[in-house]
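A single chain, nothing else alongside it, follows as C-alpha cells in the form predicted alone.
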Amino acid sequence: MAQADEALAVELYTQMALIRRVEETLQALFRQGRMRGTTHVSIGQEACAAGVVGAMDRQRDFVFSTHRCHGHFLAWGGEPRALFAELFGRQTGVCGGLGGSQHLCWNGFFSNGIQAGMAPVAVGLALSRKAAGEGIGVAFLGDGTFGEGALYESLNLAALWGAPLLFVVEDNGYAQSTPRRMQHAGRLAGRPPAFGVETVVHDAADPITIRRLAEALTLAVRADCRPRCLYLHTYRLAAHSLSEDYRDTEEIERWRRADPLAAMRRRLPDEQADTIDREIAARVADAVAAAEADPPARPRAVPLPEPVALPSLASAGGEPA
C-alpha cells in the first residue's frame, strides 16, 4: 500500500471499529435492561458511513440520516458519550436525552425514523445552501425507502431544481426482515437515473474504494450543483432492531465471513490493530460509565397557542350541517 493509503486504512479501520464497538455495546445495554425503547444498528454496514462521511466538509456540509443513524453520527464526529447519554435519557445527550436512538440533531447532522421523511427536507436544505453559496449535503437512504412516494418526489425536485445533494443508498437487501425481491419490482439502482440523477453502483466491501467514489461524486456535486447518487450494496449482520431475526442463518454466516471490518483489520499490522481495538474499548467503556452517571433529561414544557374563536355558522351566514 502507498503511504497515503496506509494512513487512510488506519483512519477507516479506526472509524469502523468505533462504530462496531458502540453498537455492540448498545445492544448489550438494551438486553440488560439499562436502556429502554428500541435501537437499530448498522453492524456490517460500517464501511458505508466511514467511507462516505469522510468525504464531506464538516464546516460547510450537512448529513441527513435514517433510523439506522449511529454510524453516520459517529463518522460525522459525534461523541460516543453524547450518543450513549441520549439513549440513557440524560441531559448531556445529543438532544438533551429527548430524541432517543432515531432522532439526532447536532452540528449539521440530522436523523429521523420516518422512512423517506428526511429526503424532501434534505432537498430543501440543499437548495437553501445553494442560494446562500454554502456547502452541499448527503442524504442516506435504505432500499426499503424506495417504497415511499416522498423519495420519488425528492429525486424529481432535486434534479429539476438542481439541488447540490448526494443521495447515498445503503441497500442491505431487507426492509426489517422482508427481502427486497418480495417488495420491489425491477432494479432499484435504475430509478434515480430515471429522474436524471447520475448514479454510481458499487458494493460496500472496501471503505477505501467507497471514500474515493464519494470524493469524486461530492466534487461533481460542488462543481455543478446537481444531485448525484451513490448506490451501495451492503449487508446488515444484526437483526433489524431488538426483535427476532427471520433471515436465513446460513445467509447471515456467509456474509459474516466477508465482514468488511474484519477485511479492513487484515490490512493493518496485528499489533497496530490490537492497539486501536484496546483504545476504542476503553473509550467506549468510559463513555458508557460517564453517560449513565449523568443527570436525567428535563422534559421541556411547550406552550400551546391560545384557542382561536371561530364565528358561528349563523353569524357567518351558513347553514347548519
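In case it trips you up, residue 1 is the first one in the sequence shown, and so on. Values in this document were obtained by computation on a predicted structure and should not be read as measured data.
One more form of this protein should be noted, the form predicted together with another copy of the chain, which is absent from this view; the next part is about it.
Colleague: Answer with one of 216, 238, 200, 194: the residue that has a non-hydrogen atom within 4.5 Å of another copy of the chain in the predicted bound form.
Modeller: Selected option: 194.
Colleague: Using heavy atoms only and a 4.5 Å cut-off, determine which of 159, 208, 225, 82 is in contact with another copy of the chain in the predicted bound form.
Modeller: Among 159, 208, 225, 82, a heavy atom within 4.5 Å of another copy of the chain in the predicted bound form occurs only for 159.
Colleague: Quick one: which of 174-182, 200-208, 217-225, 133-141 gets within 4.5 Å of another copy of the chain in the predicted bound form, going by heavy atoms?
Modeller: Only one stretch passes the 4.5 Å heavy-atom test: 174-182.
Colleague: Hey, in the predicted bound form, is residue 147 touching another copy of the chain, heavy atoms inside 4.5 Å?
Modeller: Taking the distances in the predicted bound form, the answer for residue 147 is yes, it comes within 4.5 Å of another copy of the chain.
Colleague: Using the partner position in the predicted bound form, report whether residue 251 sits within 4.5 Å of another copy of the chain, counting heavy atoms only.
Modeller: Judged by the heavy-atom cut-off of 4.5 Å, residue 251 is well away from another copy of the chain in the predicted bound form.
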